[in-house]
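A lone chain, given as structure tokens: the form predicted alone.
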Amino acid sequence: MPTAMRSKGFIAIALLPALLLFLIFVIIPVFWSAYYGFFSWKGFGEATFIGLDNYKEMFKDPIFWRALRNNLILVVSSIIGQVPIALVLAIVLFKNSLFSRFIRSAVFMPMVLSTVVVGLIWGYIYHPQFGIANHVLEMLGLESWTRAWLSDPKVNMLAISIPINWANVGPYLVIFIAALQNISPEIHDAAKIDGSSGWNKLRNITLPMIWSTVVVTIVLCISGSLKAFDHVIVMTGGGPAQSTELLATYMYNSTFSVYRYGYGSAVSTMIMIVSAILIAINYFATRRKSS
């Protein structure tokens, strides 16, 4: 048997356990959830087929549209906040010095913390009475800017997006540093000889070379923002008056609070559909950008 065939066979056998686990715990539950989205089911007993009634009810529910709007705000803030900050930090910290490694570890540290811990920390930061956010504003003489950050519908989604971005910059920083390290030093030397530096070098050399990585990070931002849950549950619980409700919290409340597992399955399927639509839009937009 040729060596290439033996290598492919070994790779297939080595990947088989992981693929089976992925099939059992990810792929099958996804289709199972989509299937139950067509039923009225309380999680026990008999499930009654109702067709598209769950989806019709969902589209008539103003809370669903509010959750979708909040999720889109979170997606945009994550793409604008996480990707550029991680890219700039990666470029600044690209040199493998002791200081760069320290800053890299410090930026990645929030990702190590539990999302519940992050939510609790920022909940105290935003506290209207003894939170550090209002305290700093008062020290700067900006008392008019102080507010109940998590209770004011005008700013609470922005307030929630900040800790989510803070907690997720680290992984993208590591991804971008790895992409920058894959650029051949000869390319940088040639650019230096040609007199290209600063913004011109970033726009004409660095970004085109790592553009596929940028696209992947945007996809990760979209999927991560649409399944955001822990931070919101800890800080606001989706309130007040559903002003910070997200699709994931809406699904959770619809499923486990009122025992409507069929309706919750329909909402989870809608989350996947929205995610697929946004990723497709990103694909076509970035494809035109790269062409």
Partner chain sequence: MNLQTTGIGSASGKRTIMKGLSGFVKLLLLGYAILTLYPLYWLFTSAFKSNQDFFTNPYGLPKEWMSENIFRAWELGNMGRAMLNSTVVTIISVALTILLSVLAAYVLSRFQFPFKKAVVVLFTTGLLIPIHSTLVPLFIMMKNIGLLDTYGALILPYTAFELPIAIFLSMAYMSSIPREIEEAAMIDGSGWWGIFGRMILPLCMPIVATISILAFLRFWNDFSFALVFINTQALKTLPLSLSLFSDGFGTDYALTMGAMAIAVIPTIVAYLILQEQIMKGMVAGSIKG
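Positions refer to the first chain, counted from 1. What you see is a predicted model, and the numbers here were worked out from it, not measured in a lab. Heads up, when I say rigid core I mean the largest set of C-alphas that superpose within 1.5 Å between the two forms.
What comes next is about the form predicted in complex with the partner chain, which is not displayed.
Candidate site formed by 92, 229 and 234: every one of these residues places a non-hydrogen atom within 4.5 angstroms of the partner chain in the model of the complex. When contacts are judged by a 4.5 Å heavy atom cut-off, residue 80 does not count as touching the partner chain in the model of the complex. With a 4.5 Å cutoff on heavy atoms, residue 106 counts as touching the partner chain in the model of the complex. For the chain shown alone, residue 10 is a contact residue for the partner chain in the model of the complex, at least one non-hydrogen atom being within 4.5 angstroms.
Interface membership of residue 15, defined by any non-hydrogen atom within 4.5 Å of the partner chain in the model of the complex, is confirmed. Comparing 72-80, 150-158, 201-209, 133-141 against the partner chain in the model of the complex, the single stretch with non-hydrogen atoms within 4.5 angstroms of it is 133-141. Shown without its partner, the chain has 22, 23, 24, 25, 26, 27, 29, 30, 32, 33, 36, 41 in segment 22-41 as residues with a non-hydrogen atom within 4.5 angstroms of the partner chain in the model of the complex.
Superposition of the core reveals a Cα shift of less than 2 Å for residue 241 between this form and the one not shown. When the rigid core is held fixed, the Cα atom of residue 42 travels 2 angstroms or more between this form and the one not shown.
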